[in-house]
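In the block that follows, a single chain appears as structure tokens, in the form predicted alone.
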């Protein structure tokens, strides 16, 4: 099946060059070899043009927040990709910059010999700006492909302001897209001509050294990046992410509605780091859930008005999980894709939230902490401190406690704007799933996005939803969690 046209956007108006030497896939966000519409699109071009396929996956040292944790996770994924491409006709070129600026010109050099360039349509952080800048330097067709979720980001120009409205829209429009899945195993049996890069290129930009691809600590220590943040608890790469997916669906999905809110249990999918770095696809996650449920899209009927339960015609546990994977995750992508200039700002808040933050801007703050105090878990609140320590130590922290984490940062910051900046700064530095549409959606949810006004009106929060550590500890078990993440 051809890649759906709604998922393809051109960033240049230049034509395809049939006399080029290869098709180039610039892999930046969908760092995987399965369930990847962008890879499928590149293979389509290569087959149609009867040309080799070159895949460039590069890692700079100068990207924002570059540190040992992020670098290690990405490199582990690159090593996995190298193994998976090795037995195929695709030429996989992993490039790791060892000095800032060394990678400059590599994309243009590969594109100069390309028939067409394909990229990943990721709507967040520095990626869109990097691609737009690259497009100005290329004189060949350059298109980006959306392989983020089940619903194409640009299938509408409407920005949804609530999960209910988005869910109702999906129930009316999603079904046809469930018959349009990316290829499960596009490299299996693939026949293409083989490419060889010219020595003039490889002598200037060499393939990543073995120690770097294996993320050896000594090799990473030699790079000019932030070494204050060590690797996290989770390991990168599609194989590890797929193993976590298999474990969750086979062993944990049935208990998800209750266990997901308990930080002392391993009850969430915990897939967000692999989803963020593109090592695992949302389509793959959905396919595994559907297989477990023995489900096909033929059973879907009309919209049920945006209700959380019943439309999928799966088990309650599966429906609860899919609401997170599809409704809430893709709601975040909707905002990031259609409001690219301000998706991470207070301007995206509903009117009630803007008004209440303005009204309570000068409220006394009984506790005010600096960013450094927050970073080092130096607050009076032990549950919050434990949550922050989990993120700093592990590179991920529990979904339910993220809500409390953000709400207290709002309470302890001079303003909503400061709270937003602090949440972003802390997660960008420490969390493997920061720098993502979902993380920005989470920060802004803390401040009122996708929510309604709540009463009674409180100091600092106004009519924005309030949370306290005391009430949270009454709802869920935290004793062992506090012991695990004690200072």
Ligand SMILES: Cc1cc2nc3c(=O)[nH]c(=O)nc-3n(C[C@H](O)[C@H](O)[C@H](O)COP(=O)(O)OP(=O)(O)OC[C@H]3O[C@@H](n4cnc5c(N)ncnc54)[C@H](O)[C@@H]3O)c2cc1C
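Please read these numbers as outputs of a predicted model, since none were measured by experiment. Positions refer to the first chain, counted from 1.
There is another form of the same protein, the form predicted in complex with the named molecule; it is not shown, and what comes next is about it.
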{"query": "Partner contact for residue 438 in the predicted bound form: the named molecule, 4.5 angstroms, heavy atom", "finding": "yes"}
{"query": "Touches the named molecule in the predicted bound form: residue 71 (any heavy atom, 4.5 Å)", "finding": "no"}
{"query": "4.5 Å heavy atom contact, residue 384 to the named molecule in the predicted bound form", "finding": "no"}
{"query": "The named molecule contact at residue 434 in the predicted bound form, heavy atom, 4.5 Å", "finding": "yes"}
{"query": "Heavy atom contact within 4.5 Å of the named molecule in the predicted bound form, the stretch among 365-373, 114-122, 302-310, 317-325", "finding": "317-325"}
{"query": "Among the candidates 35, 30, 443, 430, the residue which, in the predicted bound form, approaches the named molecule to within 4.5 Å (heavy atoms)", "finding": "443"}
{"query": "Contact residue in the predicted bound form, from 213, 270, 163, 190 (heavy atom within 4.5 Å of the named molecule)", "finding": "270"}
